[in-house]
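Only one chain comes next, encoded as structure tokens, the form predicted alone.
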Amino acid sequence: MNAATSLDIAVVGGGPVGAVAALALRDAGFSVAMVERGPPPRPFDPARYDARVYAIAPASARLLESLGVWPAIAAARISPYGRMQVWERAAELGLRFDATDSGHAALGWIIEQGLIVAAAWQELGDLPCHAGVDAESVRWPEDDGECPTLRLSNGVELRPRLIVAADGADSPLRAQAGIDVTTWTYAQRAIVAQVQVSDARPATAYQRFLPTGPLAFLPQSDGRHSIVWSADTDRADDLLALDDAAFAAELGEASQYALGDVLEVSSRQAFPLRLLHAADYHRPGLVLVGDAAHAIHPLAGQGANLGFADVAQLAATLSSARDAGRDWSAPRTLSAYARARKAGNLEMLALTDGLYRGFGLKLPLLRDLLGVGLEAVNRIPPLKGLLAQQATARR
């Protein structure tokens, strides 16, 4: 067995949040290695379309810009959107956001997951990356000041002062550390696909709340739209069993033809939906970011943004402690990070869960009241502006 390699931080997980965390912590002056169980991502291929996309908010865009990731994304394929239309009963009566309501040039940017990963990995340069191996086990420190020992499946051992778990909602590191979670599975699946429609407004995102789950259309730069259709499990199974023409017809009906006819549908994928929140964001030698700490319903499109906000806060908290001469890996420092992030994350978890449950109510009167509420907000400019600002500037 090789001698253990000592370093400041090991980031476990090379997805969007993990790769960006490795970059942010390296750029903050820490020695960093990354561990990813899968192979390195392929270079982005513009001829292929990733069914999974993120709605990147301005705060996340600023982080990616500061790390040098944004130029590669912008040069490949990026889809800014300046308007959003949300409704329950009738598209023309729903809530309409405009970027000007919040003082931003755009509400956000629709970016494919694979493009973010490829662009972030491209910026890793000579940062040590152990790809295609698992973080097999951890020997946790028994005393303050000791480092954990991270053993990889290829026999390599790392001795970082801190492990950053960016290994997803089913985080093995979180489980090994004995951190409890609050979690439940929604009786829904999210169907994702790329579609062509006949009459959508440019640079506009659409979302309708249906009794069986929300349906979102996210604009792509070439005129396509990515859909995220979160539907009750039985309804999702029925939709997935349809041929493309029948699915397109159902999609048109569900959207009340607010974007015109659905002309073309790509292959479809479906993912189960869940809510998860870790009781603690850290243990001695370990800190959680992204889905390892929290997972939410996709109806607000904020999952990736919450993860990137975790990364920005973690890098700021650790570097501030170090620059002040304090132990940046101490539980006290990690607690400061957790305090800074938990309130905002819990707020978004509560909001998305409340919307899911509210619009999923089987009581028509209560659902009608929620629909009326959306329409009323649209007629109150100060409140609508505040909501738009919250949607675009989450920290």
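All of these numbers come straight from a predicted model, not from anything done at the bench. Residues carry their position along the shown sequence, with the first being 1.
Keep in mind that the form predicted together with a small molecule is not shown, yet the notes after this line are about it.
**Student:** Tell me, please, which stretch of 70-78, 231-239, 165-173, 258-266 lies within 4.5 angstroms of the small molecule in the predicted bound form when heavy atoms are compared?
**Tutor:** The contacting stretch is 165-173.
**Student:** Decide yes or no: are 120, 215 and 348 jointly within 4.5 Å of the small molecule in the predicted bound form, with each residue judged by its heavy atoms?
**Tutor:** Answer is no for this spot.
**Student:** Verify the contact flag for residue 94: yes if a non-hydrogen atom of it lies within 4.5 Å of a non-hydrogen atom of the small molecule in the predicted bound form, no if not.
**Tutor:** It does not: once the small molecule is placed as it appears in the predicted bound form, residue 94 has no heavy atom within 4.5 Å of it.
**Student:** Test of understanding: in the predicted bound form, would residue 85 fall inside 4.5 Å of the small molecule by heavy atoms?
**Tutor:** Result no; residue 85 lies far from the small molecule in the predicted bound form.
**Student:** Please check if residue 342 has a heavy atom lying within 4.5 Å of any heavy atom of the small molecule in the predicted bound form.
**Tutor:** No, residue 342 stays farther than 4.5 Å from the small molecule in the predicted bound form.
**Student:** Verify the contact flag for residue 247: yes if a non-hydrogen atom of it lies within 4.5 Å of a non-hydrogen atom of the small molecule in the predicted bound form, no if not.
**Tutor:** Judged by the heavy-atom cut-off of 4.5 Å, residue 247 is well away from the small molecule in the predicted bound form.
**Student:** Only one of 219, 160, 298, 108 has a non-hydrogen atom within 4.5 angstroms of the small molecule in the predicted bound form; which is it?
**Tutor:** Partner contact (heavy atom, 4.5 Å) among the options: 298.
**Student:** Under a 4.5 angstroms heavy atom criterion, identify the one residue in 192, 177, 315, 147 near the small molecule in the predicted bound form.
**Tutor:** After the contact test, the surviving option is 192.
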